[in-house]
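This document opens with one chain alone, in structure tokens, the form predicted on its own.
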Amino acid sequence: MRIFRALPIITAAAAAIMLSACGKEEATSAASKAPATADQVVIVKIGVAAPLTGPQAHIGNDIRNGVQLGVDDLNAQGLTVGGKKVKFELLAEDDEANPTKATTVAQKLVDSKAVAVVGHFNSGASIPASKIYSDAGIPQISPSSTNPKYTQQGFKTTFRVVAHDDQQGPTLANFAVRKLGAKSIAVIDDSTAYGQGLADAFEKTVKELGAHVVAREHTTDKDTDFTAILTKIKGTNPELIMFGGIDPQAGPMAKQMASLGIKAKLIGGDGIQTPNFIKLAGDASEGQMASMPGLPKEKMPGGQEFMNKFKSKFNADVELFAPMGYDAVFVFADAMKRAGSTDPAKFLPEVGKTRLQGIIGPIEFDEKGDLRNGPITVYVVKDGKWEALETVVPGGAPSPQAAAAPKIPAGATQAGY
């Protein structure tokens, strides 16, 4: 009987404990949802996606390091957004230059609560990943993807800080025909969205300018033996070979052109305008040419200071797109400040209104998210280094150094000019 009389007391005590616990849980939940006060630090996650392993890792890690430097510089400034202190954190993901992996990486960044993403490097990765970011309402700035389709999908979240291939291809073609005087040209692409897109734009303009495309060949971004393709092309006796692809293929291609006795010069886009191309091609790199969206690094408004800071922090020289990755971070931060919020739903509309002086120069986007008035520079390898020949703003005039652009000399060899 004493046991049964005690039950109501035990039940009442248990109920009191449960109510107390519920009260604490509700208070904790409310506290976690409460807005940060002025003395609290808001953690803002910025994603970067690029190939961090594999044959293109040197370019992907260059981008990641540029983004990391931007994050570090912003944190050193003690940035505040909407009256709250902000600390940026970098989330780096390896997309392996693979379109399928790129979508997986994009979803991982979304799930990790990244509020903005710098990436991807390859157009073939940026294009499928952009749908994931668009669905999540997260702004994406590619520092390097040049295929026009990337910003032609109607997404409000896609931006880039480089000129695209409908600008780069014709610029490269004009240089080849009008400056080099090439009349017979062979075209090879690596079958990727980037390589084929650039080669298509180049070929179209070359034909419009009256030059003859004597061969059009395709390889992949995994191949390194081009003997069969080059042997076939040699029979057409081109003055110039254009390659749409990346340096892991372009370097061996230049070497094999030399070993086969092909006298034509090699010319390509930004994917081969790297120190790694010179390393891979060796002596066969001399005299080869490539275009690159943007001003020469040393002529960028903040280029020399950036290169010095980059070298000091990473003990490496800038490979290619690090300045663009750096500036992309500051575009996001500037949009957040103007919106007074780190919520992508609130600062996304401000990204499209950007008017910022970056390391690379003035940054402003058109209605599609493309960089307005993005310059393109054409380079040649001279004495083992890339040397600028001319810089063109699409729709504008070439820079003064355009007059120094070399002609293809009769009987030219792989030794260069």
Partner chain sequence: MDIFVQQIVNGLVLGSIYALVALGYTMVYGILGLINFAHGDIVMVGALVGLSVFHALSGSGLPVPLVLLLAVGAAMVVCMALGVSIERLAYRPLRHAPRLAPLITAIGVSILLQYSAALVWSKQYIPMPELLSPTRFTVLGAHVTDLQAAIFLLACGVMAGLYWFITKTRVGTAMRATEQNKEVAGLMGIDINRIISLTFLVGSGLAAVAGIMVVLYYGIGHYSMGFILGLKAFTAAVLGGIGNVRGAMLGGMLLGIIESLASGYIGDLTGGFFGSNYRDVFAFLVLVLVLVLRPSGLLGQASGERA
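Numbering follows the first chain given and starts at 1. Keep in mind that what you see is a predicted model, and the values were worked out from it rather than measured.
The form predicted in complex with its partner chain exists for this protein as well; it is not shown, and the discussion that follows is about that form.
Asker: Which of Gly124, Gly294, Pro323, Pro248 has a heavy atom within 4.5 Å of its partner chain in the predicted bound form?
Answerer: Spelling it out, the residue with a heavy atom inside the cut-off is Pro248.
Asker: Though its partner chain is not shown, can you say which of Gln77, Thr227, Ser112, Ser312 has a heavy atom within 4.5 Å of it in the predicted bound form?
Answerer: In short, Thr227.
Asker: Can you work out whether its partner chain is within 4.5 angstroms of a heavy atom in all three of Pro128, Lys156 and Arg372 in the predicted bound form?
Answerer: Checking in the predicted bound form: none of Pro128, Lys156 and Arg372 is within 4.5 Å of its partner chain.
Asker: Quick check on Thr53: any heavy atom within 4.5 Å of its partner chain in the predicted bound form?
Answerer: Judged by the heavy-atom cut-off of 4.5 Å, Thr53 is in contact with its partner chain in the predicted bound form.
Asker: Looking at the partner-bound form in the predicted bound form, is Lys368 within 4.5 Å of its partner chain by any heavy atom?
Answerer: So Lys368 does not count as contacting its partner chain.
Asker: At the 4.5 Å heavy atom threshold, is Pro301 in contact with its partner chain in the predicted bound form?
Answerer: No.
Asker: Do Leu356 and its partner chain share at least one heavy atom pair within 4.5 Å in the predicted bound form?
Answerer: Leu356: no, not in contact with its partner chain in the predicted bound form.
Asker: Report the stretch among 211-219, 116-124, 171-179, 343-351 that approaches its partner chain in the predicted bound form to within 4.5 Å, counting heavy atoms only.
Answerer: Comparing against its partner chain in the predicted bound form, the contact stretch is 211-219.
Asker: Scan 245-261 and write down, in order along the chain, each residue with a heavy atom lying within 4.5 Å of its partner chain in the predicted bound form.
Answerer: Those in contact are Pro248, Gln249, Pro252, Lys255, Gln256, Ala258, Ser259, Leu260, Gly261.
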